[in-house]
Every structure is written in C-alpha cells, then in structure tokens.
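Same chain, two versions here, written out as structure tokens and called structure 1 and structure 2.
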Structure 1
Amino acid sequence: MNRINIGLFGFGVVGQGIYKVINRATNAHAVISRICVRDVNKPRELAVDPSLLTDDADRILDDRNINLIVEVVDDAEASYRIVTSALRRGIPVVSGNKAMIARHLPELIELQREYDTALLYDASSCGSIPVIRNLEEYYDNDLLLEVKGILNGSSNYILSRVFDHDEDYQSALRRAQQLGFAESDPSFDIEGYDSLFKLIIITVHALGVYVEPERIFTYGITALSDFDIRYAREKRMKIKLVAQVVKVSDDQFTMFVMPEFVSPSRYIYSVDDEYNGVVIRGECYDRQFMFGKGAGSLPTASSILSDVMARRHGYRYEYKKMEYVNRPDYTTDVTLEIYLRYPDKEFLDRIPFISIGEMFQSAEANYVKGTIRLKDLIDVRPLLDNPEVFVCNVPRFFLELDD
C-alpha cells in the first residue's frame, strides 16, 4: 500500500482529532480523501475544504481510490451499516465503535475471512492504551489468568472527584458533564455499559471466546450514595467501576462489570480522573499494568493512527485464540463477596445470599456484606435498579498472590 487514501465517516470531536493527527503524521503517508457527515453545511470548529464533505456514504464506499475506511460515528446502527458494507466490498476498516463491535463481533470476524479484508479497532477499548493488539500478539498463549481494570474515563473522573476532592456524587457528575467527560445523558458510562462492551472485545482477544452482552452481570454507579462513600473511606478504600475477566480454572472463566472496593495496594487505586488502567495477570509473569488516557479527541485519534499505520504494513487480527482446541467456557457458577445497601428486610429476604458476614442497620441506611453466586446475582438483577440499593464487589480472586 503506497499511499493510504482514507474515507472518514464522522467528523465530531473524535473525527476532527483524527483529521489533525493524520495531517500531522507525515510518516503515515495517509490522506483523508473524503469525509461523510450528516450535514455538510453545519458550522464546525475545524475548517476543511468543503469539497471533502459529503452526506452520501456511497460516494466513499464506491470510490475505488479509497483504500481504507475510518469510522467514528456515534450511532451503532449506522456504524454497523458502514463497516459491513465496506468489508463486503473488500475495503479494510478502522473503527472505534465499541457498542457495535461488541454486539456483532462474530459476524464481523466472518466477514473479514469471507472477503479477505481487515477490521481494526484498538481505539474501541481504552482509547490510547494498546490493549487489543497486545492481547492479540504479546499474550498469544494460554497462560493468561485475568484482565481487570478501569475501562471508562467518565465514571472514573466522577469517582476521582468524590474520593480525591471530597465532592458529592451529583456535583462530580455535573462537573464531568461541563468538561465534556460525560454526556448530557451519562447512563451509558455510569451504568457500566461502555465498560461492558469494551470487556467483551477484550475477552475475545484475551481468551478467544465471545460472550453476548445480555449474559454478563453489569452494574454501575448510578445509585452511589454518601453512605456508601463514607463506608469506603472508613475502610481506607476507594470505590472504582471495574470490569474484569478471570479464569477460575483451566476450563472456565467468568466476567462482570460492577463497582469495587479498591485498597491502596492495588495498581488501579491510583488511576484517577479520566484515565484508564488495565492489569493483565498471567501464570508466569504475575501482573503487568497499562495506564493512559481512555477517551478524548487526540488520545483516541492516536490509537486510530496506530491502526492506520498497522494497515499500511498489512496487519490484521488473526484471532488465533479462537482456534485453540481447549478454550475455556464462560461460567456464572462462581461465588462473589458483595456489599449490598438495601431498603428493608423484605428486600433483603429476596437476595439469595449463601452467607452474611457483616450486617448494619440504622435510620439512614442498611447494609450487609456476604457471599452470593454470580448466577443468582444475575437472576435478581432487575431488583437492583432501585435508588435505595447499591452493590459493590469485595475482591476475592488472586488475593493470595497480592500479599
């Protein structure tokens, strides 16, 4: 590939960042040939040649001079149409849409094989941190035990303001929205779905197994209260929204997204503001830690540029772990320890704890700490959508290795 002629879909904050980065990276030998937008007449902060703009996707997809599609639209359905249309035409694609990729990854893998082309998406998980390609290449063995971390910058920024700057939760959320770290509707981030979709993609490259989003326990920080914050502080811990995939045996693994009590001895304790941090654990190398900005215009654009450069050298994901004979199976038959703030005894009686080790009741709030099977927690998941309820994980996996 002598020169990369890019057809860019999406020209919002990330798209404009990509335009800046591509024009700055002379060694990429890449140029943005055309940009597809919803409204070609919309005023934009970044001035571009109007002749580059189009609102007709086919003007890019049918242009034989364009040899790479870069897609950063914020609509998952539109993203799916663009990516699948390009792959069926044999045009390689770079995408950052984690929701679309996580929901359609098996089909997207098949399309790459059928039409002998490539889809790269390092930017979909953890922004500037090269998690996907490292899991695909460096950790290309069956010694991987765990991938765990903070995968969402918006929720982490909010929790950082709470625990490091003594702000209340609602004030921290408003600040995150004002600074652009959280959307006007922040539910995708703070309810854990952004982290969930990233975790699904990571798991394919970590263990070679795809798990549908609906099968994974996902719980966010929406109902976090002052009581929960005080409890964590009294225990000298922070609360972080953590996503993790863990091998619980040679034959099985589990995965979930939920708030977690994090002690100062853990690497992710000091991952603050809009940063992401990922801990990768293996049988022979213990823990390795990756840290960096997980979102934003230029950090995401830098990851997109890395994928563009990779395509220049013919790189593609091989999904080698999906061909392993002895891939582990996903299980929810594992025991967790959780903190549960609950409204009354009637509610508590509906939660199938195996055992309860700590209980507190007061006029302000009630909580218990106890053990519960993940599959039972999934069964009662609808009950947890209650502002008087908050669930937080008390970590149990690999504690004996962290002493």
Structure 2
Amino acid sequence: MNRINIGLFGFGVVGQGIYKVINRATNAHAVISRICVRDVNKPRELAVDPSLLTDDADRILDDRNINLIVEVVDDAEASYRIVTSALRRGIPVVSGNKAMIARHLPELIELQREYDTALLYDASSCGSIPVIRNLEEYYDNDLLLEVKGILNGSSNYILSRVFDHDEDYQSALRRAQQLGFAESDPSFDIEGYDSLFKLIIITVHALGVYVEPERIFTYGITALSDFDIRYAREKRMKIKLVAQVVKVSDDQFTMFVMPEFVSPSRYIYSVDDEYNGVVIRGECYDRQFMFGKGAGSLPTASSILSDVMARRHGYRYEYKKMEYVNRPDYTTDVTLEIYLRYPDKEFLDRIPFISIGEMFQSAEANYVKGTIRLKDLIDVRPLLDNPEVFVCNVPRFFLELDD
C-alpha cells in the first residue's frame, strides 16, 4: 500500500495530538508531510522540524505528493475554505470541525460526489467515540428510535465539578479551558451550540435528514444557579446538558439541545468530567450505550487516526439513508415537560405553557414545572437569555410503545 502523506492544517491542542499519534501508529504508514499554521514563529510545546511548518495553505493544497488533508483549525470559515478547496482538487479530507460541517454538510456531500472524493469526520462528534461511522454503517433508520446523550465534554466537565465536587462554575470553566477541552470561545460549549452542531451531524447519519441549526431549539447551562443545583440534588438527580434526536411517530422526529434532569437509573447519569455518552435506542434492541472521552488532545487525535486508517482502506460515507424514499420529517410540534425558574409573574405570563403541574415561589427564586409545545418554546427562545431564567427538560417518552 502507498504511504499516506498528510498535509495537516492546524497545530493547536488537537493538531499536536495528531502529530504524536500518527508518529506512534506504525501500521498507518502515514507521515505528516507539512503543517499549515497561522504563525510559524509562535512558540509551541511540541518541537517539530521547522521546515515542516508553513503559513501558506497552497503549499499543501498544490503539493501533488500530499494525498490526504487533515484539517483541525479553530476557525470555521478558514476550515470551510480549506476543506472545499481540497475536495475540489479531489484530495480526500479528514476534519474535526463540527461547526463548519454542521453548517455546510449538504454542500460538502455534493462536493464529495462531484469530485469523487471523501470527507471523513468521526472526530467532529464525541471525540474518541466512534459514533458517526457506527450510525452510518450499522443502524438502519427504520428501527432507530432515538440517539441521545452528552455530546460536549467541557460543559459536562463543568457540571461534574459543580455537582460532585462543589466547585464554583467559573473556576470549573477555567479548568476546562486549561485542560484543552473548551472551544476558543467557550460560550459554544456552555450555550449548547457545540452539542447542536454534533447533533446535526449525528442526525444526518442516524436518519438521513439534514436540519439547519437555526431551526433547532438550543439552550445551555449559562444561567444554572445554586437554586437549580439544590433542586436537582434534593430529587437525587443530576443536571446534564443533553442533545437528542428522537422519533415521535413512524414518520416524524424531533431534536433539541437543553439541560435535563437525569436520574441515577439512566446510563448518562454516570457520564462525568470530559466524558461523553451516547444512548442509541431502537425498536428491537432497546438501548445501547457508547461511552468515552469526548474532548482533549489525544482522544480526539485517536479518532482522526481512525479516519486516516479508514481512508487507507478507501472508506467513505455513502449517505445511504439520505436516498431512502421514506425518511422521517422534522417536527417541533411536540409536547415537552420543563422546569422553568423565572423572575416574576409578568415573565411567566409570557411563556405559553399548556399546563402547570407544580409551582413554587420564594424570596430566592420561583419555578414552575409544566408542559409546553416545543415550537412555542422556540418562539419565546430570546426571552430565555436572562440570568434569572433557567430551563431544564424533564425527560418523557414520545412514543406509545415506550416504557
């Protein structure tokens, strides 16, 4: 087999991990031929031969010896330019950039077909857990009912530190940044957008349907307060930031990202720190659970290596489910049960609950628990960006056949 000559874009936490992992993986017969960075003179922890470094993308894209691009740059626009240029030149790409992939997936699929090349991105979702390739190859969408889990390591790390170690939120966030889990703009992690991007990619491979990010309810843990934490603890539950795509009937599914009360009987209850956990539920097999490190240099690099090896064997995603005649439609016309901490009656009156089952008022905080249509929650989404407000899902099943 020919040697894989990699042109690497990005040499931050993940890029340096890839360098280490590729150099250890002798069976990959892969070498990093050149590394494109923004600043070649920037001091780096990992010493590499300076002649490998360039700040000129074309030195990689125009190099005919390079037969695989690995792209792990931080900036989604730069990532888009690199990936689309490479695909248009017929060079296969391995990418970890979930924000870019989630926004441009339909076009990226088209480019792969038009230029007869491949884009692999298992590293984009859940770090070291091989969720994309498994959904693509193993799970047909007829039997699949739900893919649900913790898809963001940083927010889970913060929640674990806060719940299990009584650490304060801000110092836990700083630690997630120091440990290299968080995005350069950590609001993507804690406001749920990183989970959203991964969920969009997962949904394409789970159900064969692409849904634009703007159409999906996304709400994070920014406003989580001591009151909410105490409330969950008293009920012996944890709060986790959960992303889910779930069938609500034979021909419809819904999806959203929001904090959720998780009881000890659930698999994801014990997914802590930077770990991710994905529960796949199906009609005939009930639940399966995938667990592993979802962020960090070497776990993410291991997933990149797996895609590099997959390319060695000519693997590409076929997006078979997107061709199916019967694909479920996305709907937000479903009823959720939520906990809402709110500042005052005037605010509560603006939230179109269907019914309220529990109500609490005190000098410290007020909350209600009640049912609401997801589409109505989307309409009032801008109101929820308020430190005096916190929304948390009370999980319930959508399909009659469920327990």
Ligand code: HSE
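Here the structure is a predicted model, which is why all the values come from computation and not from measurement. Rigid core: the largest C-alpha set superposing within 1.5 Å between the two forms. Structure 1 provides the reference sequence; residues are numbered from 1 along it.
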{"item": "Chain form predicted in complex with the ligand: structure number out of two", "value": "2"}
{"item": "Large Cα shift (2 Å or above) at D273 between the two structures, core-fitted", "value": "no"}
{"item": "Rigid-core frame, C-alpha of S171, shift of 2 angstroms or more between the two structures", "value": "yes"}
